[in-house]
Each structure stands twice: as structure tokens, then as C-alpha cells.
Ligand code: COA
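Below you will find one chain, with nothing else, as C-alpha cells; this is the form predicted on its own, and questions on how it binds or moves follow later.
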């Protein structure tokens, strides 16, 4: 059995960003048009008038101030209100693979070894561009990696499930190193006409290289992070759902229905997921002999600032000190599987050898994953 380490990470951020003010201006323009066009039906009680939004509402509800996106113009056009991402011919790299490759190249450069030493690629994400061929195999080809590759989707928990899978491949001897990528174009499945959720998501791509510990430097630069333990959990729930898929073609009249995009019962999710994740973290820490109150940093899934703050308090047994419970929601919004990896990537360089942290994700399914790490 081989010990696995997180050897390097990468982050690709789109060059376009939308502030809350810009998003609200577009949404409220749509609301005014809808209410004016349906004034008679609204007056008669046949149609529910739409309520406007505000930047203050969004920040209080979520902690989000802005988000990066692949296409800003389409989202902010009240006549469109979705990203305009043209289809590419099959002989060109797909947009999801393209951003995954950008993040992967950063990770490989930080790793300092050739891509040929990677034996497997996992594309772990919520928003797959197609059913097949696997996005991971396209990324594998673009980077000149041998071995094998496959896709996996566990919604917002995909990255921790991917790290666990990569660590298991390392442990069994199936691979020397595994590249795990999380390309998330979340704006493609978001209903920008829904006041309660139109602000939630952003677009991004992250990458993680998991390597055999005996092949990594034992200390110093490049030593990486020892994976102390990984744990996964799923529990079925309809409270976060997206019904879009290839079977929708059999009923084209339903393709535009709200449940073909992201839908959630936010209050139910909060009440049910916070205790589930908090208890899972504490139980996992106890089982592997880690004192949760001694964690230097927590890199949680960036779902909602109120959820993250409550989980942080329950795990640490107190209000987290500045920097202990990393929040990047304000700049990136919810980026599904990539959120905890962004947080880790941007705030892990100050760790000293022996200090511990937690990467944790949670989301639709319900699903949750914990990865305790220690700086080597």
C-alpha cells in the first residue's frame, strides 16, 4: 500500500466578471418587462408578479459580491439571460476541456515533473459538457498523458470524491500520479430569471495532482501534503436537483421547464446539510486521531457564507479566527466542485511542516467528502 500526497494544484479563472450591481440591473430590467407585459393578468390574480432583487439582498443571503463567467454579455442581456457559448466542431478542443487543461498546466508546472509521469486523469465536476467521450479523455489527449481517464459527477462534492479515488489508485499501485480536474461552467445551468438563485454560481476550473509519497520530495518545496484520511457520504435528497439530460429530447416541450436548470429548496438544504457535514467532519477527525480544534485552516465547499460559518463554529467549537475558515465566495461565488480547491490553492502556502487542514465539500445528492491533510 502506497501513501498518497497532494503534490500540486492549479487554478484557471475566466477573464470576465459580473458584480452584484450589474447582475441585479439586468435581472430587474427583466422583472420590469415581465410585470408590464403581464399587468392585466397580475391584476386579475392569474399571474404572480415578479419581485426585484438588490445587491444587498444577494450579499446578505450568500456572501457573494461578484462571480467570474465565461460569457458576460449573454447573461446581462435581459432578452437572453444565459451565457452564449457557441458549439465547437468536433475537431476542436471543447470549452470544458480547454479550461481544465489551463488549470492542469498550472498544476503540472508547480509540480515540476513531466506530464508523462501521470498515469490517470479524472474529470470530477457537476456540469459535464456531454455524455461521451469522457471529458477526462479529451484532457488526457491534450496534455499527452498515458494510462487511463474517466469522468465522475457527484455534484458539488466531485472534487473530494475525485481526490479519494485518486488516493485509492495510488494506494493500490494502479498509478504513480493522478491528475484530477474540476472544470465548472456553472452559469450554463443557472436560471438567471429566478430571484432566489440567479446570483449563486460562477465559472472556473481547478486541478489537483495526487502522487505517491515516496516519489515526492520528503520535505521542502514540492513535498506536498500528506493525505491523512478521506471519507465520503451520500444521502438521497430532491432538495437540490437538475433534470436536464438527453432523455429530455423525447419531450421537447419540457426542455424549458425550471427543473431542467438548477433548482433547490435552500432553507431545507441549510437545515439538513449543516448538521450532516459538521457531524461527519467531527467523526472522521476522531477516527483518524486529528484534533479538529487544532486545524490551522478549513477549506470548505463555497456554497453559502452562512452555511460555512456555522459549520466552522461547530467543528472548531468557537468562532473561527480570521483566516481559519477560508471564504472566497465574495470574489468567485459558488463554483460547485471547484470551490474548496480554489480556497486551498489560494491559501495553503503559509503552512509549516506538520500543520493540518481540512478540505471538505458538500452538495446535491446529498453528498459530502472530507480530506484531512498535513503539510510534509
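These numbers come from a predicted model, not from an experiment. Numbering follows the first chain given and starts at 1.
The protein also exists as the form predicted in complex with the ligand; that form is not presented, and the subsequent description refers to it.
Contact annotation for residue 303: at least one heavy atom lies within 4.5 Å of the ligand in the predicted bound form. A residue is said to contact a partner when one of its heavy atoms sits within 4.5 Å of a partner heavy atom; residue 129 fails this definition for the ligand in the predicted bound form, lying far away. At the 4.5 Å threshold, heavy atoms of residue 72 stay clear of the ligand in the predicted bound form, well away from it.
Although the partner is absent here, residue 47 sits far enough away that none of its heavy atoms falls within 4.5 Å of the ligand in the predicted bound form. Heavy atoms within 4.5 Å of the ligand in the predicted bound form are found in exactly one of 142 to 150, 197 to 205, 175 to 183, 214 to 222, that being 197 to 205. With the partner omitted here, the residue from 94, 278, 191, 264 that has a non-hydrogen atom within 4.5 angstroms of the ligand in the predicted bound form is 264. Though the ligand is absent from this view, in the predicted bound form it lies within 4.5 Å of a heavy atom of just one residue from 30, 57, 68, 351, which is 57. Although the ligand is omitted here, in the predicted bound form none of 166, 230 and 360 has a heavy atom within 4.5 Å of it. Scanning 155 to 175 for heavy atoms within 4.5 Å of the ligand in the predicted bound form gives just one residue, 156.
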